[in-house]
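Let's start with one chain on its own, the form predicted on its own, as structure tokens.
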Amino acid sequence: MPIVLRPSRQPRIATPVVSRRRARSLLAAAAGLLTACSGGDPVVTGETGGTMVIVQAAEPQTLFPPRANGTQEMAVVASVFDRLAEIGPELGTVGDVGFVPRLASSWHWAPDSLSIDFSLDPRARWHDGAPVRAEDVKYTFHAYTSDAVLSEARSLLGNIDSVSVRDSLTAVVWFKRRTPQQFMDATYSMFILPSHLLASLPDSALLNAPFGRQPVGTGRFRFAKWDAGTRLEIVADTANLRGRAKLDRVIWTFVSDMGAATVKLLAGEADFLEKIKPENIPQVASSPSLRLEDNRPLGYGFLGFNLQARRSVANGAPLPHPVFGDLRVRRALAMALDRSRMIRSALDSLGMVGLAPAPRVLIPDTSALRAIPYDMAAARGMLDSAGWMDTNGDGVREHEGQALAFELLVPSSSPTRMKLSELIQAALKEVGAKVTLQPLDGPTALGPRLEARDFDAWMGGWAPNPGLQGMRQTWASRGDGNYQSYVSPAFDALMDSALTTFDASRSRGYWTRAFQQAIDDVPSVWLYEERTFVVLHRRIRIAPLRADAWYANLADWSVDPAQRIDRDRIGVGTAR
């Protein structure tokens, strides 16, 4: 599940990570293509019809919204389901300014701001024809916070006390306390679920219910079919109260890796790829049928350490990890990584070094943070002083019978993380640490290992939502996505103070101290932020790419009527 942030926009502080000549080469290829297409593209005029094929290397695990976490799932879920209100293009998270109605046509705050009445649009219907009712909102909160469902989003819902039904079209959300972002808590973190289809099931049955593979929502697209391992299809809901999606259908087709995805795109078998590898940009630039669009997603990648011994948390007796339980070891390993060189090697001009557990645009004061420096001599000295020595001359340090060795889980669907993991392996060998890479094929293999805390370290990446309250989900001591088992009362207290004060200056100060605490505690090494390009067939017209979710306006994408190809002429019926 994505995390959340952005109290105020801060200027990006770009870190030079590439030679000027190489940067000019890559960006010129992209910019040339962008210029070539931007000058001649027609303006979206609202025509409907057409098919867009998205190719990706990861298949969803489920379309049950409380358990949808990755982009591969959220792109479908956000197209098929609706929230009560949707965040606006500026991604403002304080109060309700900037939010626009979705299933709720209006809302009313209580005088003490401890409850909000949401009035549902009486015209709203589920895709099976049933009306949307306040009971659906109440059930949604129940499902997202159920211990049996274990939604990662429930970390974001801790300030909601309950949801009640005033009448069939009025749901009341009750809060425990006033906070600047309580409206976002009630809207952004939950897609509304159909209680008439799910409430009769025990919560323990929801995860494996057929609904997770055949969902019924209220969005401008409705689910059509899912052929496991092959493709997934959604089609325009022609009776939707907000108007049908402009495209007739969107098809996700699944391949084994990024290389296969690029081949499929260049062959004309797909129309959209979310991210292109830097080395493939010139090839795309030379294709007459494709174009690039600049995309600045909220996201960051890191090397995450499991601070607890593997599986000991699940067994009810958490013990320190034999390697990462020692702060001196974590700090020494961080000092042994030349992150600037690594990011330059892996991402060229399309990346910059990560600062903290959030992308720069969401950090209130980047200039105040002190990073751990790259210093190999200091790294070796710190390991020596911590008692980790290579006593048998095999190149690997030991301490009290424990080798300085660990397994690193890497999602094989991410070329960036695969490349960086190899660089990390080589760098840490220089200080006497043995890293065994364990590539895993997509989220279906990685997710269970993380949730069971059955790992030493992993190449992590988060795509934050707007609003820093998502830190509670991923880095707070009790966060459901805190796979590293990072426990810091000081960090928790600073984060809580930052999220609850209405004084912007005090919030900024609390955040700076919270981020510095996380940097100094080294639960992870913050590696990179990416600038990416999405690749599209030239006939596809897109709506603005929102930083937190490129797919947020997918229902407003369209196909140029003058450039349609055979698959655009199928109609709204399910494609064969």
Partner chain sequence: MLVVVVAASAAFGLLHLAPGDPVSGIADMSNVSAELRAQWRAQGGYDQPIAVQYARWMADVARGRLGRSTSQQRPVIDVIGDRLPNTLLLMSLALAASVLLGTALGAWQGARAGSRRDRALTFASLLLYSIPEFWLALALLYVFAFRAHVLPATGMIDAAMYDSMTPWQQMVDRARHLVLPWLSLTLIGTAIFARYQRSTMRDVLRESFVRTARAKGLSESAVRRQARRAAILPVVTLSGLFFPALLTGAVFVERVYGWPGMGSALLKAVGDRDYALVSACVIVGSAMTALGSLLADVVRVILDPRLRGS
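These numbers were taken from a predicted model, which means no experiment stands behind them. Residue numbers count along the first chain shown, from 1. Between two forms, the rigid core is the largest collection of C-alphas that superpose within 1.5 Å.
The same protein has a further form, the form predicted together with its partner chain, not shown here; the description that follows concerns it.
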Inset, instruction - Would you confirm whether the three residues T51, S151 and A260 all fall within 4.5 Å of its partner chain in the predicted bound form, going by non-hydrogen atoms? - result: yes
Legend entry - Close approach of K246 to its partner chain in the predicted bound form, 4.5 Å, heavy atom: no
Legend entry - Partner proximity in the predicted bound form: A228 to its partner chain, non-hydrogen atom cutoff 4.5 Å: yes
Inset, instruction - Answer yes if any heavy atom of H537 is within 4.5 Å of a heavy atom of its partner chain in the predicted bound form; otherwise answer no. - result: no
Inset, instruction - Using a 4.5 Å heavy atom cut-off, state whether R567 contacts its partner chain in the predicted bound form. - result: yes
Inset, instruction - Work out which of R360, R213, R310, K138 lies within 4.5 Å of its partner chain in the predicted bound form, going by heavy atoms. - result: R213
Legend entry - Candidate from L327, L207, A285, M418 lying within 4.5 Å of its partner chain in the predicted bound form - any heavy atom: L207
Inset, instruction - From the candidate stretches 494 to 502, 79 to 87, 332 to 340, 143 to 151, select the single one in contact with its partner chain in the predicted bound form, where contact means a heavy atom within 4.5 Å. - result: 143 to 151
Legend entry - Members of 261 to 277 lying within 4.5 angstroms of its partner chain, judged by heavy atom, in the predicted bound form: V263, K264, L266, A267, E269
Inset, instruction - For M471, state whether the C-alpha moves by 2 Å or more between the shown form and the other one after rigid core superposition. - result: yes
Inset, instruction - Once the core is aligned, please say if the CA of P357 is shifted by at least 2 angstroms between the shown form and the other one. - result: yes
